[in-house]
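Here we start with a single chain on its own, the form predicted alone, put down as structure tokens.
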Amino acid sequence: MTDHFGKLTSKDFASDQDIRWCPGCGDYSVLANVQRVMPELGIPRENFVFVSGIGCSSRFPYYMNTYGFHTIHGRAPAFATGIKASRPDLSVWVVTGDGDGLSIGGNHLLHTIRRNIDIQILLFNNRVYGLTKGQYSPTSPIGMRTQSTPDGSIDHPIDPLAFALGAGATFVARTIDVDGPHLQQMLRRAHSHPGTALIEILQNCPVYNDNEWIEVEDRKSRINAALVLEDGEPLLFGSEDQRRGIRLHDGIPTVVELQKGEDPIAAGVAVHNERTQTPAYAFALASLKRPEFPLPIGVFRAVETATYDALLQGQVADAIVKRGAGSLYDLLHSGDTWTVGPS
């Protein structure tokens, strides 16, 4: 519905489809927060497109009262690239999971990111295959026991953010399914970024991998388990009585224990700069893992460079100036043609 002033509200973005996720699934929170943010973006509802592949998260387009595509396994980034390239006026969002996006879809995700096409990618990471009943995924930690790894996984997991940075991502962020305000902030930031914006959303699967991210989901433990990234602010975590920070020396992070009232900058704590041109700094942040370090939450990198769709439109415009608008009819009837008839 719309409010008294004709503005869209979150209810305008809720479809009439029954939501079919397991009770307690983190997808519910992500959906609700996406629906809350969409009306703020000032875009007509018919100009949104949500694209997904296969998996629990990929049911997302059914529940958004917008245009959408539920595509094939791992190929959502390829579909989204085609949509944005042909209709740059649309706001295109990809919804994928750690399995769909980083296993069969890894190659498609890589090329979408390196092209820097102006779309938003929401990667739900619960470290397990939920839709196909609990097998291990590309992000599952070593030793994780699942139906497909009864003796524990021996695969080295892939880090979604390091993967994106390695592909040249210009915007990389991480948030938590149950932290509504932070999740909404990351959605707004991703939308305002010109280029590919990837958000890893730490998401709970209560059936097959419950409480995987409980340290950062629980408000009480989050203060010590999470490192909230704020541009221009020191990398600090912990309570006021037991503050700690992250020092970076030769690119190697270490934890610094701070005395009460001690100046973190003087103690060598690094100051967050999400606009550092080299991805090396963001890579260092992505390397921080529990339990040795807090898990960084927020924007890791946000830099601007030319987008694929803008460059493509420039080439199209130049071609029209040089050769004219062209005619599909003339193209189809040019050169050698033949007619197929009865023998």
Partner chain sequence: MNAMSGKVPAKAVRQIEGVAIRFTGDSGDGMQLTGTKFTEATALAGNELATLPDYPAEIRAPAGTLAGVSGFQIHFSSKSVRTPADHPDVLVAFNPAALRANIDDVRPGGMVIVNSNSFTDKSLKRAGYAEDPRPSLRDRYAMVEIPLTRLNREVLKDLDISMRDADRCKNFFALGLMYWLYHRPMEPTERWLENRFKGDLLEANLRVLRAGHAFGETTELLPVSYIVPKAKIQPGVYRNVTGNTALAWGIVAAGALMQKDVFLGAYPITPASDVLHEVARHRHFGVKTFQAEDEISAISAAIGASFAGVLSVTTTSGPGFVLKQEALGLAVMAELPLVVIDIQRAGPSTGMPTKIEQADLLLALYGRNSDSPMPVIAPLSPGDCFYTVLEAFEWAVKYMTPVVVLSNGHLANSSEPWRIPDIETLSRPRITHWTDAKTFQPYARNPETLARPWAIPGTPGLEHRIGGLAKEQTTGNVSYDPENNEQMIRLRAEKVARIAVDIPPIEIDGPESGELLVVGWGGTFGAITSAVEAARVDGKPVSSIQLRHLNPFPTNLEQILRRFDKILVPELNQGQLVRLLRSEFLVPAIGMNKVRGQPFLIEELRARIDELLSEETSP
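Whichever C-alpha set is largest while still superposing within 1.5 Å between the two forms counts as the rigid core. Residue numbers count along the first chain shown, from 1. Predicted model, so just to flag it, every value in this text is computed and none were measured.
Below, we refer to the form predicted in complex with its partner chain, which is not included among the displayed structures.
Enquirer: Out of A302, M38, I297, V49, which one falls within 4.5 Å of its partner chain in the predicted complex, going by heavy atoms?
Expert: Contact residue from the list: V49.
Enquirer: Name the single residue among F293, Y67, Y28, F283 that comes within 4.5 Å of its partner chain in the predicted complex, judging by heavy atoms.
Expert: None of the others qualify; the residue that does is Y67.
Enquirer: Given the stretches 241 to 249, 68 to 76, 223 to 231, 149 to 157, which is the single one in contact with its partner chain in the predicted complex, using a heavy atom cutoff of 4.5 Å?
Expert: Result of the contact check: 68 to 76.
Enquirer: Applying a 4.5 Å heavy atom distance criterion, does I43 contact its partner chain in the predicted complex?
Expert: Although its partner chain is absent here, I43 would stay clear of it in the predicted complex, with no heavy atoms inside 4.5 Å.
Enquirer: Look up in the predicted complex whether L90 has a non-hydrogen atom within 4.5 angstroms of its partner chain, and give yes or no.
Expert: Residue-level check for L90: yes, a contact with its partner chain.
Enquirer: Using heavy atoms and a 4.5 Å limit, would one call P279 a contact residue for its partner chain in the predicted complex?
Expert: No - in the predicted complex, heavy atoms of P279 and its partner chain never come within 4.5 Å of each other.
Enquirer: Can you check whether P23 is within 4.5 Å of its partner chain in the predicted complex, heavy atom basis?
Expert: Flag for P23 set to no.
Enquirer: Give, in sequence order, every residue of 78 to 113 that has a heavy atom within 4.5 Å of its partner chain in the predicted complex, or say none if there are no such residues.
Expert: Going through 78 to 113 in order - heavy atoms within 4.5 Å of its partner chain in the predicted complex - the hits are A78, F79, T81, G82, I83, A85, S86, R87, P88, L90, N107, H108, H111.
Enquirer: Determine whether the C-alpha of D330 shifts by 2 Å or more between the shown form and the other one once the rigid core is superposed.
Expert: After core superposition, the C-alpha of D330 moves 2 Å or more between the shown form and the other one.
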